[in-house]
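A single chain, nothing else alongside it, follows as structure tokens in the form predicted alone.
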């Protein structure tokens, strides 16, 4: 019955998609209820005064919000306490929100939705905002992502409901690009087996060097070349690689010349040429599952893949199978589907991986930037002012171009 209710709600949301019911885009006078969903830091929260991205420090805006009479609720509980129930298949429309559970647990977030005006979340511990949740949140006006990437929100449902969705564009692009470069080197140099040898009291040079390579001279292709992709290519230039990129937009010719990168319009012509592939595109209906077994089979044998974009761009089992067979020589990234990744997620146990939790964009420097950017947008919201145009993901019922 629970599954049927959610499915009916999804169908109703789709049926009304031709009409946009605009909710007030800017704050009216009076106290507002702001809910923030962040990861919990526990004993680490007090170890660095600039560690702002956790529940305990809550972007550093609690005193400011409360001094203006607003209510600020912060939680890490977006799915219900210790939920151990199984995921239920609810069809393709809701498949993107695969953390929906049907059990007796009620998430702390769920309790606050009906009277929340602003919901803040991060890509690192995303609050999945489904059409069902948007329907419950009668007072909701604004969805903010503290960071970059708002695919944890049903953007079509948000647009239909007249909600504004915005993120802190540019806040962690340097952080992610640097992390991608690190992962490329970790994979090519076969770093992790050597590290594990040392902590296990072993010493076997051959066990590392038989599959360790230089970066110089390799062909590196980025699928998606927005802010992060361009920064990565700039950082790769000194390594004397052959740099390729695919994107919906060609970069400025002068910048392209400076970087020494070559645009490839057809992604399937670029990919088989690459020794290293880096994923740098948003998760949309078009990119979901883009790297399935058929596309992976066409890649160069032993290819290295870095994905700090979104886990759902990859077919999970296809990656496992290709890493196991050696067709993928190494896979590294910090994004999973879902997040947090369950203990039995197959990527935890596949060979030749260098996976981590979702950390690339939440360095201390990035936290300072996205905390400041979130505060700036809240200030503008309270004053009835527009946000910087590049921050909008949904505005007046329209999705940003990269999500269309």
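Computed from a predicted model, the values in this text were never measured in an experiment. Numbering follows the first chain given and starts at 1.
The next section is about a form of this same protein that is not shown, the form predicted in complex with a further copy of the same chain.
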item: Stretch in contact, per heavy atom within 4.5 angstroms of a further copy of the same chain in the predicted bound form, of 276-284, 215-223, 150-158, 243-251; value: 215-223
item: a further copy of the same chain: the contacting residue among 307, 141, 175, 130 in the predicted bound form [heavy atom, 4.5 Å]; value: 175
item: Partner contact for residue 62 in the predicted bound form: a further copy of the same chain, 4.5 angstroms, heavy atom; value: no
item: Non-hydrogen atom contact residue 267 with a further copy of the same chain in the predicted bound form at 4.5 angstroms; value: no
item: Distance check, residue 326 to a further copy of the same chain in the predicted bound form, heavy atom within 4.5 Å; value: no
item: Contact of residue 360 with a further copy of the same chain in the predicted bound form (heavy atom, 4.5 Å); value: yes
item: Every residue of 114, 229 and 381 near a further copy of the same chain in the predicted bound form, heavy atom within 4.5 Å; value: no
item: Residues in 366-397 with any heavy atom within 4.5 Å of a further copy of the same chain in the predicted bound form; value: 366, 367, 369
